[in-house]
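Quick heads-up: it's one chain on its own, the form predicted alone, in structure tokens.
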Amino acid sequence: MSAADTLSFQRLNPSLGVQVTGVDLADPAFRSDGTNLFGQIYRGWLDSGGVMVIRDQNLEPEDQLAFSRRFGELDPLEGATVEPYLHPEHREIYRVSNKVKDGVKLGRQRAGVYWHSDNSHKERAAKASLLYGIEIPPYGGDTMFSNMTVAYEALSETFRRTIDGLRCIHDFEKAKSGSFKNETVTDRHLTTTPPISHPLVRTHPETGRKCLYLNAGVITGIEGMDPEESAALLDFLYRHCIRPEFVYRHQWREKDLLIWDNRCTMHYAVADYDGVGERYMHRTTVFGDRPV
């Protein structure tokens, strides 16, 4: 029986999320993909609302990198603020972990503890992120996702007309006193990623659907608006986007590979597992295009 015959998709949530079983991403035959197996997975990912989990994978770093590159060019992350947490032998892998060995952190412990889209402060904001759960605590440490397409479509037509065409300033300097306040953020980090303007409502380059594009960690305001006006509008949108009917909460299992689309989702890593158990994960990040 071929992998194409055993491949199975199961919806996880009405808003977003699909589970995939019956495939071994480490199989060399998968990489050659004569059956267009990757094409089936990729289409399922686009149709999922932005979140896919592929269960029961035994991935070496080389396997994760090879599969990740099927989605596009990887962000090497060299020179970024997370550089201390990169894999020592595979610099395109960012380690997320609460483990410490010989006094050295094996990864960043409290990564992503706010609603955001990865690397939105860059010109080529992230397309996809792939996070592999190597060690998982017995409970806790969930990751929540919001479908920014259905959140946009749930707004009134009048409100959608109001925000279409607005642009937000994404400035990593805001993260220096927020989500990255416990990390080393240098002037070099800030000068290599200066403030950038992205649309508040973007069009997904593959599905063609409009979605909200937000990141509470780096957005400083809406262009052309008084700060008080901007804050009121953004506060409403942040609260709107995380309504329960738009959110999928992923409960991790060991050997899950979770893939999310940063172009149409936000996510939040729940840091509630201190003292519960060890967590060790490998993340790769795929470059996208500039949001339009």
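If you're wondering where the values come from, they're calculated on a predicted model, not measured in any experiment. We number the residues from 1 along the sequence you see.
Not pictured, yet referred to below: the form predicted in complex with N-oxalylglycine (OGA).
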Review point. Just to confirm, Leu12 within 4.5 Å of N-oxalylglycine (OGA) in the predicted bound form by heavy atoms?
Key: no
Review point. Do Arg263 and N-oxalylglycine (OGA) come within 4.5 Å of each other in the predicted bound form, heavy atoms counted?
Key: no
Check your understanding: Any chance Asp118 has a heavy atom within 4.5 Å of N-oxalylglycine (OGA) in the predicted bound form?
Key -> yes
Practice item. May I ask you to state whether Thr203 is within 4.5 Å of N-oxalylglycine (OGA) in the predicted bound form, using heavy atom distances? Key: no
Review point. Considering N-oxalylglycine (OGA) in the predicted bound form, which of Gly107, Gly133, Gly217, Gly112 comes within 4.5 Å of it through any heavy atom?
Key: Gly112
**Study point:** Interface stretch in the predicted bound form with N-oxalylglycine (OGA) - options 44 to 52, 263 to 271, 235 to 243, 63 to 71, non-hydrogen atom within 4.5 Å
**Key:** 263 to 271
Point to revise | Stretch 270 to 292 - residues with a heavy atom within 4.5 Å of N-oxalylglycine (OGA) in the predicted bound form | key: Arg279, Arg283
